[in-house]
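So here's one chain in two forms, each on its own in structure tokens, numbered structure 1 and structure 2.
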Structure 1
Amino acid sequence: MKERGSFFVVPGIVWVLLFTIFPLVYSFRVSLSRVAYGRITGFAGLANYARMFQDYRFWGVLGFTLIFVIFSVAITVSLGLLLALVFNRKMRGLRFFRALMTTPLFTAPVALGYLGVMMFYEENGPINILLQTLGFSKVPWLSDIFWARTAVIMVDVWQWTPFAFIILLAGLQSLPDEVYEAAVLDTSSGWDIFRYITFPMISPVLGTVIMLRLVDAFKVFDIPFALTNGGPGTATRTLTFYVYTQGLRNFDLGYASAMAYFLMFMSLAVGIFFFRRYRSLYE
């Protein structure tokens, strides 16, 4: 078409420029500065970045963030795939079930965190009572490092397993039936059908799900904030959480901006790595 369409796209592009790129440039400048009481007082070079590598808290926070990302993504995606395979059949009520499964995705994560406080409550919370009825001992969910981390991951798994499930189910249901019929005629076993037919065909969707889950998991903040407030100690602080406390509670803005940049590059690296393989899906 000959007309000019820039009129349509310019507002959106300018908006992104104004509200994302400009703040990012600004924050890069802050990350290279010495900041005191919220004001830039001088040039610091890469000192803020160097400081990260000497800060034991930063390493601890990075460690938990990675633990969280690995476990949360692995569990949500494998559970989601399992459920999607189970439900990939013609059955009544599937639409209702799928709709029900979307509700966790649209529940505010911060609300889920507080709901988790109720569920995981140590003295007579429902989960501990259930465990005791089953003959286990009480679990110190929110006061023990290991269990607090487990609880944070569990809440995240609860919220995001449906995400993997719904998308993978959509992917499975878009596969053509003919291939399966041919495979059944060849009397392949169920496992063979999955391994040589379903899995290769679903892998672009699976890759996309893993990519989106990874990117989201790196951002996690609301759930640990609400559920454990980063504790016990700093055991469940994530990178975003640390950026928040350093930057906006302690007003150590330069250092926090440097860490934010580090987080962004990690997240972008993951995004680019996967995106190069699955780009065609977006076009």
Structure 2
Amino acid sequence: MKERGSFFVVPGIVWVLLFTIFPLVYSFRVSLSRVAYGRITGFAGLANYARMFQDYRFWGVLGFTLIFVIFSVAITVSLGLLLALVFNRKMRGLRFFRALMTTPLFTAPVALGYLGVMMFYEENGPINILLQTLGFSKVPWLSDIFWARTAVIMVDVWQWTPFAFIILLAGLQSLPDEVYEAAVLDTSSGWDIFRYITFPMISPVLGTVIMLRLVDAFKVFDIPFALTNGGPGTATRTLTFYVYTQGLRNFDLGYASAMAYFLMFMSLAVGIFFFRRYRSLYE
């Protein structure tokens, strides 16, 4: 009976070996090799990794990637927490608004990117028309470096705020009412209740949301690809976008694999640092 049960595990093991372990090992081999026209032609050692630090485009895309991660995660989590606090009370139409709020989460990122092209269109886009109606001048959303980066971050925030909202709302609704009933006897300040009761109790959930958003933000590709195509110039090109252009447009697979491994190790380092700092708060 035990042997028959083990048989059903085999497809899962084969799947992991074929689609996770093998690509990981093979791409590491490619990152240490010279590649021409998709074929490995020789051993390159760490040359592809050393090349990254001499490539000014690499530093440019790395800088934008870090800017994107910091601002996108900070705004997404802040807005998600604010909305969760607002909706964590009895009000009419609550279920309808919850469902409406989560709509962007179920839309493909590339579709949101192309929708953003229409929304941020500089001549007749609805955002610029609204700004002009309110007396402001038009904003060069897609042709100016600062505003193009802002637009990419705004679309990502639009999509992922519902994710933070759902998780944090579930966390808020799991908190015991008795604690708040006792707190109301000591203070009438909503800020004090949030600062000394709600925030400490919801911190583990908040940390999980930040961790998941960090990992996802480092991998962003669809939105800058569809919204700005990495422009103007390479101002909104992220590290994953640069890996794509080097690997699948220029067929420089060795260099692209080295950058992909750099991104993986950077994400792992951020995750390990975050977990250790977060765990130290509860030990």
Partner chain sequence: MKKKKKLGIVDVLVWIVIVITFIWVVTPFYWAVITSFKKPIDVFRLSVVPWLQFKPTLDNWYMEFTQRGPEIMKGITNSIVISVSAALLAIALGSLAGYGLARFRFRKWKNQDMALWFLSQRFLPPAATVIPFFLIIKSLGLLDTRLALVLVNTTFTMPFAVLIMRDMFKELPVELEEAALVDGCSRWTAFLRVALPLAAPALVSTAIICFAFTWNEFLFALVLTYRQAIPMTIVIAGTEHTQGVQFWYVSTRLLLAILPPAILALMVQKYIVRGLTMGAVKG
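Fair warning: this is a prediction, and the values are worked out from it, not measured in the lab. Basically, rigid core = biggest C-alpha set you can superpose within 1.5 Å across the two forms. Start at 1 and count along the sequence of structure 1; that gives the residue numbers used here.
- Structure 2, rather than structure 1, originates from the form predicted on its own.
- With the core superposed, L24 shows a C-alpha displacement below 2 Å between the two structures.
- Residue displacement note: M91 has its CA displaced by at least 2 Å between the two structures (rigid core superposed).
- Shown in the overlay between the two structures, fitted on the rigid core, is a CA shift at Y261 smaller than 2 Å.
- Overlaying the rigid core between the two structures leaves the Cα of F274 displaced by 3.8 angstrom.
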